[in-house]
Structure formats: structure tokens, C-alpha cells
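Heads up, the chain below is alone and in the form predicted on its own; it's given as C-alpha cells.
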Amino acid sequence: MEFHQPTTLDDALTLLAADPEALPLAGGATLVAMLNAELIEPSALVSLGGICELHTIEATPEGGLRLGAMLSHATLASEARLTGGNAVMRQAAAQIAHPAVRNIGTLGGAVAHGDPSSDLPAALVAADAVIEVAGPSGRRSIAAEGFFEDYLTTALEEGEMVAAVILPPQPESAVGHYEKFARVHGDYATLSVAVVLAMASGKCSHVRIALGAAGATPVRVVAAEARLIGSSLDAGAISEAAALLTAASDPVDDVRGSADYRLMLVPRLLTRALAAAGGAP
């Protein structure tokens, strides 16, 4: 196996294009484990660690944030600029595994892996994030909601990689919250709920909700959000929204919980997430 350490994104893309069996190496939290388990056998690894562009956090002209793909989960968890609605990203990053993993795992690696039980995909959908992808044909932007296509399957095409995540400016009064239920601290979620919520005069004026570990991709139901808009987030409105989310979910049975158990958690975690975001009636 060859090992490359490019210092520019263009050089990394050239190396990947030249060898279809080469893989990009971000933090290695997942890829190295897969190598050790002999699940993959790439001909080469292209390290992204020396590419300065991928380590930056920049304000966008619209007032949002552009997060480089090589930012570690620990960096995101402590990033003071992830406030308001975008705090959902900081909270999700803070609940990934344990400090050792958060220190090496990266935003781009987690996004590209596309595991629906991991913490960031649901947070990205709730924040209405855009994934910036770079490849042989240039760069393109993909809404997070459309980026995750199936279990461990994303919209990335041959030779492409995640370059950055763009977080849009959220409504001025919005609050983001990430609610996770797991068997033990640091485990993958049995179920998670990511919420971006804004209230005005006691009524919900904006809300985006995404469930994690409830299907092959993060689960978002526009009709469930519409049921909450204009309400005081009373028990009836939340119950109806939760029923719509539950009906759209298709979780699996695994060691972290049965499908029925996960569905039972939806209204409970949704209620907690909305209350924590400031929407308690």
C-alpha cells in the first residue's frame, strides 16, 4: 500500500483520480478500523492532514459558517461561533464517542461515511447545511438532506471527497439542540433528535427536525414541522408531529434496541428536544 501526503486539495484529487483503488484518509477513526478488520484493501491512502484549506473555519458572505472537512469533532464541540440554531452541530459533535475519538475523527470523514446512527448527519439536516464536494470536475454543493442517500451511501461520485460543510445563518432567535439516547455514554445512538427551533410571542415561528438512527438516512418530515409552526408546542401538537415522524421512520433491530423500541422513543425524545430548545409550553 502506498501512502501520499499532498499539501493542496488539487494534488489530493489528482492522486485519487489516478488510482481508483486509492482512498482519502482524514482522521482515520473509521477507515483505520476497517483496515484492521480487513474490510477494505486500498492500493493507496491519500492523507488529507497537510491540506490547510480543509482545517479552516470561515464566515460566509451570507452570515453563515464554512467548516473545513478536516476539523476534528473536538474542535467543533468547542467552537464558540456555533451558536443559536447552529449550536445543534456543536452539541452533536460533543456527544460523539469519547475524547480520544473526538480528537482524531473529522467532520468530513463522518459526513462521507454516511452512518445514519452517527451523530452529525441528523444535526446537519436540522441545520439545513450544505455539503461542499470537490472532485475531478470541480466543486459542487449538495443539500445535506439530499446528500445522505442510503445506509453508508452518499451522493459522492467517483473521485469526489467532502471539502467543507456550509452552515446557513439561522433565524435570529433560533436555538439548536441535539437530544441523544444511547445505552451507555459514548455509544452510537439508539435514537437521536436534532432540532433547530425559533419561538415568537410564545408560538413556534421556525422549526426543523431530523431523527438519527430511525432509518437508512436522517428522517425529516416537513408535515410534522408544519404541524408545530404557529403552535405553542402544546402536548397535542407535539404528539401529532411525533406520529408523523414515527410513521416515516424505518429503524432496524440491532444490539442497541429493537425497531419498536426506537419508534417508542420518538415522541419522548422529541418532547425533550423541543423543551430544551426553549419551546416548553
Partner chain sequence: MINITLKVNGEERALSLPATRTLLAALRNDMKLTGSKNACNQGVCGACTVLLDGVPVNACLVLAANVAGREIVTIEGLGEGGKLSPMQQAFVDAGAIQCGFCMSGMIVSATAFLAENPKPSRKEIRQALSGNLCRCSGYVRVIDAVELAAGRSGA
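Everything numeric here is computed off the predicted structure, so don't read it as measured data. Numbering follows the first chain given and starts at 1.
In what follows, reference is made to the form predicted together with the partner chain, a form of this protein that is not presented.
- Proximity to the partner chain in the model of the complex, defined as a heavy atom within 4.5 Å, holds among Leu152, Ala143, Val101, Ala155 only for Val101.
- For the options Ala26, Ala224, Leu67, Val219, the residue carrying a heavy atom within 4.5 angstroms of the partner chain in the model of the complex is Ala26.
- In the model of the complex, no residue of the candidate spot (Ala235, Ser239 and Ala275) has a heavy atom lying within 4.5 Å of the partner chain.
- Using a 4.5 angstroms threshold between heavy atoms, Ser47 counts as touching the partner chain in the model of the complex.
- By the criterion of a heavy atom within 4.5 Å, Val252 is excluded from the residues contacting the partner chain in the model of the complex.
- Interface membership of Thr8, defined by any non-hydrogen atom within 4.5 Å of the partner chain in the model of the complex, is ruled out.
- Taking the partner from elsewhere, Cys52 is found to have every heavy atom lying beyond 4.5 Å of the partner chain in the model of the complex.
- Picking from 58-66, 240-248, 37-45, 209-217 the stretch near the partner chain in the model of the complex, with a 4.5 Å limit on heavy atoms, gives 37-45.
- Taking a 4.5 Å heavy atom cutoff to the partner chain in the model of the complex, the one contacting residue in 185-222 is His185.
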